[in-house]
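Just one chain is shown here, as structure tokens, and it is the form predicted alone.
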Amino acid sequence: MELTSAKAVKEIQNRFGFTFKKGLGQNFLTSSEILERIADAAESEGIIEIGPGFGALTQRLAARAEKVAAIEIDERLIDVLGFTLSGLDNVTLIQGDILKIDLPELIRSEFCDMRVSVAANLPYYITTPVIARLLEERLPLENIVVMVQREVADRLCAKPGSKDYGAISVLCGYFSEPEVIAKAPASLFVPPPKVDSAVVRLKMLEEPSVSVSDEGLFFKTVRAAFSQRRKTLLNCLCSFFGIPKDELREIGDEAEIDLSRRGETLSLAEFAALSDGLYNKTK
């Protein structure tokens, strides 16, 4: 069943008495072209899909992958998906919250030694927590392909010095090569959201893009730097770590970083040098 027309969506709604829940960010993409691009970008032996909705993307993923595990938080959609995905014996439906599911165990039990990617249509309110979890747990993933609000896509892919550059930009750049692969205006969704969206692919790196002495401290340094965006690195680090400013200046000098700068101006390499300086000072 083709699921990319407003008519098809309406037919399914009528058949199952389904109503959209705004609180779950349920806006279903109706563009075949963009769905194909997402499926192409996520193509892998195994795919974890987060938020399959009515199954329009799931159908395309199943045509490319040996196995798809589709995780849906809304239990009302399990019967809908059972109907729209009938006959696809390589799709496993899992009703649950992506933030609570044991993903390492899911990968072990469902995909064995397969290469695995993630495809997701993420509502705004869980975008950062989900992406952070997928990256920080060091799951054996090839790609993470996510549909997010356009402004979030800008942040995920932002470079140093831009207004969109922040802690999530550093996180993505540390573990992956992020890029926007498609843009999706609100008119392509049912029901249409109030903002436009974009598709981002995070191509996972075999090793982090920079080497650090203490990864936990590296990310604490990044969080500190962006904790008060209008303040200098010196003030942010002093407030966050409680280290006297004269000691911080010494660390900055050794790392060749002027702490009168703001966090959004630092590259990943500079964040690594700064966190290593803090590590050497406090170990």
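For every residue, the number given is its place in the sequence shown, counted from 1. Just so it is clear, the model here is predicted, and its values are computed rather than measured.
One more form of this protein should be noted, the form predicted in complex with a small molecule, which is absent from this view; the next part is about it.
- Proximity of Pro140 to the small molecule in the predicted bound form: non-hydrogen atoms within 4.5 Å are absent; the residue sits far from the partner.
- Contact check for Gly82: every heavy atom lies farther than 4.5 Å from the small molecule in the predicted bound form.
- Heavy atoms of Ala41 never reach within 4.5 Å of the small molecule in the predicted bound form, leaving it off the interface.
- Contact annotation for Leu29: at least one heavy atom lies within 4.5 Å of the small molecule in the predicted bound form.
- The listed set Asp74, Asp196, Asp164, Glu179 contains one residue whose heavy atoms approach the small molecule in the predicted bound form to within 4.5 Å, identified as Asp74.
- Checking 123 to 131, 171 to 179, 148 to 156, 201 to 209 against the small molecule in the predicted bound form, the stretch whose residues place heavy atoms within 4.5 Å of it is 123 to 131.
- If you check the small molecule in the predicted bound form, you find a heavy atom from every one of Leu24, Pro52 and Asp97 within 4.5 Å.
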